[in-house]
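Only one chain is given next, in structure tokens, and it is the form predicted on its own.
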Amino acid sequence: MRVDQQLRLDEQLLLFMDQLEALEEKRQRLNSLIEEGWFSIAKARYSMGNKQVSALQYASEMEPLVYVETSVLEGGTAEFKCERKENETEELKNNTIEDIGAKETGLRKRINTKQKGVKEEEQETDPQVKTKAESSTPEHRDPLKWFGILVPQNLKQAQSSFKEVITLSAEIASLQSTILATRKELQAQMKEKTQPERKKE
């Protein structure tokens, strides 16, 4: 029993040390990505100007492109996952383009002078339908579009680095939760080991 208990304790300790090492590596990677992102933003401000890259260019209505989902596992550890909504917006844009193409294709008829009144009524209702369709489809969801169409490469690099920061921070949070759980298990095994030794004394 003592040998098995000692082996389990050693395995738990090795697992705990591996998790701490992985956490340290991920934190170093996170810090370097944040530094790269802010350095790229500083370069973009230098090339475009301070007023061109600031909070004044933010959209009036902003919707999140990334959602963080939390789930509790069997061991009591929390798991964090990032879900991006960029693919859904691209699918919606593709669907709207296909619908417009399908509507425009077909035969056109010449309208008589009698049917002009009906055509004018349809034209009055058409802009409302178009505005509803355009408002339902999320356009310019990419935050880079807030700063213009031709954005410098430094701003794109900053966006990619901060995207990686979001996913890495979720991984770090889930890893910290597993580290806390392994530490509790390690402490419980240490108590089990020390209790029989005290009884013998």
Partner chain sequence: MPGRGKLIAVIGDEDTCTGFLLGGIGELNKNRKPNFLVVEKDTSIAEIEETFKSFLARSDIGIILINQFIAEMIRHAIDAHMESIPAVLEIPSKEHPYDASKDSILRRAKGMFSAEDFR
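Rigid core here is just the name for the largest C-alpha set that superposes within 1.5 Å across the two forms. Please read these numbers as outputs of a predicted model, since none were measured by experiment. Positions refer to the first chain, counted from 1.
Another form exists, predicted in complex with its partner chain; not displayed. Remarks below refer to it.
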Any chance Arg27 has a heavy atom within 4.5 Å of its partner chain in the predicted complex? yes
Touches its partner chain in the predicted complex: Gln153 (any heavy atom, 4.5 Å): no
Contact test in the predicted complex: Ala55 vs its partner chain, heavy atoms, 4.5 Å: yes
Evaluate Leu186 for contact with its partner chain in the predicted complex, applying a 4.5 angstroms cut-off between non-hydrogen atoms, and reply yes or no. yes
Within 15-34, which residues have a heavy atom closer than or equal to 4.5 Å from its partner chain in the predicted complex? Phe16, Met17, Leu20, Leu23, Arg27, Leu30, Asn31, Ile34
When the two forms are laid on each other by their rigid core, does Ala158 show a Cα shift of 2 Å or more between the shown form and the other one? no
Classify Ser174 as shifted (yes) or not shifted (no) between the shown form and the other one, where shifted means its C-alpha moves by 2 Å or more with the rigid core superposed. no
If you line up the core, does Tyr58 shift 2 angstroms or more at its C-alpha between the shown form and the other one? yes
